[in-house]
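As structure tokens, the next two blocks hold two forms of the same chain, structure 1 and structure 2.
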Structure 1
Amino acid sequence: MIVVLVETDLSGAAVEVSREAVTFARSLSDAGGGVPIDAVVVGEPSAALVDQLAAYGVRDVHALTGEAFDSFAGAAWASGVLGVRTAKNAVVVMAAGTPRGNEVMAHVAARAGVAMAANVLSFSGLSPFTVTRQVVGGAALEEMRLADRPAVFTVAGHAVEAAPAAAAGGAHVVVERPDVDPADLVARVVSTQAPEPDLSGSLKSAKVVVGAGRGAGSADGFADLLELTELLDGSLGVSRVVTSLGWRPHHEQVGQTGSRISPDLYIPCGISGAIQHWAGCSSAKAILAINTDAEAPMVTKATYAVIGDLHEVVPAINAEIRRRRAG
């Protein structure tokens, strides 16, 4: 059996990356002959969440309840997940590669005495179970064998597209009230505050993203880039240096400390392609780089590249798009 830790948003629905993790688990289940998938959630789930997880092929939804789960505590969550794993004799325990997912799975692996693979993109074999994962902020890939059981890992965001199962039944709720060692609550969330509005939603879901880096030149150098963004019905994404200089707002930043995107097309303009930026855009299906430096990392990794000044190339692209549409 496969156990997946599922995180929820403020409305109680499964977050996208957790739905991606369940989708990944389903492909693993299919490869293993159809082993069942159970989800672990914290708190009693709503009927809508149960139906949502059932649609993704989940058999049972294990709800961790009790005072120990009123706020986040990585060790306590791991204790609850391990309890489900032991009861069900699960061969795989996994989660989405979020900060919480990685922390909880690290506790699970340490207590089970097995290795953990973080930010997995795919698997290539079951005997031995071999996964490919992102390392160095996504700048390199590593193949890792998880020979021991349970196999413990997290799935990198957007490694797969979240998709409901072709055929699914109903899911049952199993309320768990595990005993938690007080030592597992030493490190826990003790207070929370409302987050600032997340304005990056359109960037994360955009099919086309136009990127802008230091090559824009100044805060006044984005007019042509914004026009291209509008022409392609896309979103503007920028490098860290652009936000650090105050040229554009932080919610437009793509990279390790910004948004991770997976558009059909990414057009980075004047972006060198540092490791931190690549971590946020490496999942793009195609990359068209525009840069004056033919040896820039972004250019060498791109699907296509145009060597030139973005202030000359982008206006020419805009003019050609307008010409073709007018015709």
Structure 2
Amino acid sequence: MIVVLVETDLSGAAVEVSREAVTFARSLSDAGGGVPIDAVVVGEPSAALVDQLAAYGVRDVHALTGEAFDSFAGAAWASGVLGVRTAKNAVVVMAAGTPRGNEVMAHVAARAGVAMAANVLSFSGLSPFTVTRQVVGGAALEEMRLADRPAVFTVAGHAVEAAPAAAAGGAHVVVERPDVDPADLVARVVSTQAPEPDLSGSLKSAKVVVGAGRGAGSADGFADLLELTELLDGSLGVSRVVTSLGWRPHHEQVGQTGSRISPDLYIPCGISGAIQHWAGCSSAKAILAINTDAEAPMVTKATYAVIGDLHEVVPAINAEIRRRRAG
């Protein structure tokens, strides 16, 4: 059996990257002659989540419940996942390559005394089980052998496209109330403040996305980019550097650990085009890169490019649009 840790959003639905992980698990299951796939979720699943997992071909949905799961503790989640793995003697334990997914799988691997592969893109053989994963910030790939059982790994965001199964699974809910060792609750989230409103919906459905990266320069460097976004009736999408530095909110992030967008036109400004960013924007129909560096991967992979300083190019574009409108 394959166990997939499935993360849910505030509405209780499975997040896209977890659905991708289940999709990946299905290709593994198919290669292995139809090994069943069970999901582990935290908290009582909504009816909508159960339907969603059934559509993805999941056999059983193990719900970790009880006070120990009221707030996040990586060790507690891992003990719950391992309980399911042991009871069912699963050969694979996996999750999406999110912060939570990587963290919980690392706990699972450490507790089970096995290896773990982070950010897997594909598998190339079952015996020995061999995966290919991202290393060196995406600049290189590593072929890695996972000889241990269970094989523990995470799937890089957007490495595969989330797709429902040809045949639905039963998605039979099994409510688990595991005993959690108090030691596994010492490092636990004690408060969560002001959830950022998730406004990524408009980003994911936008026809035009204006992108901004480190080249924006500072939190104050976005005025022209926001004006262009408005003139094109689009959405703003940013690189991880921009959200890490706190220049813009996380829901605007495009990429492997952000949203995947598929606009008619994506206009990345001052974004180098690292593989993790590309994972989120590669399905744009056309890309117009604005960058000072003609050799930046985003420029060489784009459909169109302007070589120059975004702080000069973008205001000039805005002025040209306004001029044509007026005339």
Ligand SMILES: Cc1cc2nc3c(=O)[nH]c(=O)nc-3n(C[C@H](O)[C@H](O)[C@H](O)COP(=O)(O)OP(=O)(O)OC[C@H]3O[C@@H](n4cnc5c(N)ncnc54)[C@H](O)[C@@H]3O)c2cc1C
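Residue numbering: sequential along structure 1, first residue numbered 1. Throughout, rigid core stands for the largest set of C-alpha atoms superposing within 1.5 Å between the two forms. Note that the structure is a prediction, hence the values are computed from the model and not measured.
One chain, two forms displayed separately, with the form predicted on its own being the first of them, structure 1.
Once both forms are fitted on their rigid core, the CA atom of Lys207 lies 2 Å or more apart between structure 1 and structure 2. After superposition on the rigid core, the Cα of Val155 moves by less than 2 Å between structure 1 and structure 2. Once the cores line up, the CA of Glu67 ends up less than 2 angstroms apart between structure 1 and structure 2.
Here Arg240 exhibits a Cα shift of 7.4 Å between structure 1 and structure 2, evaluated on the superposed rigid core.
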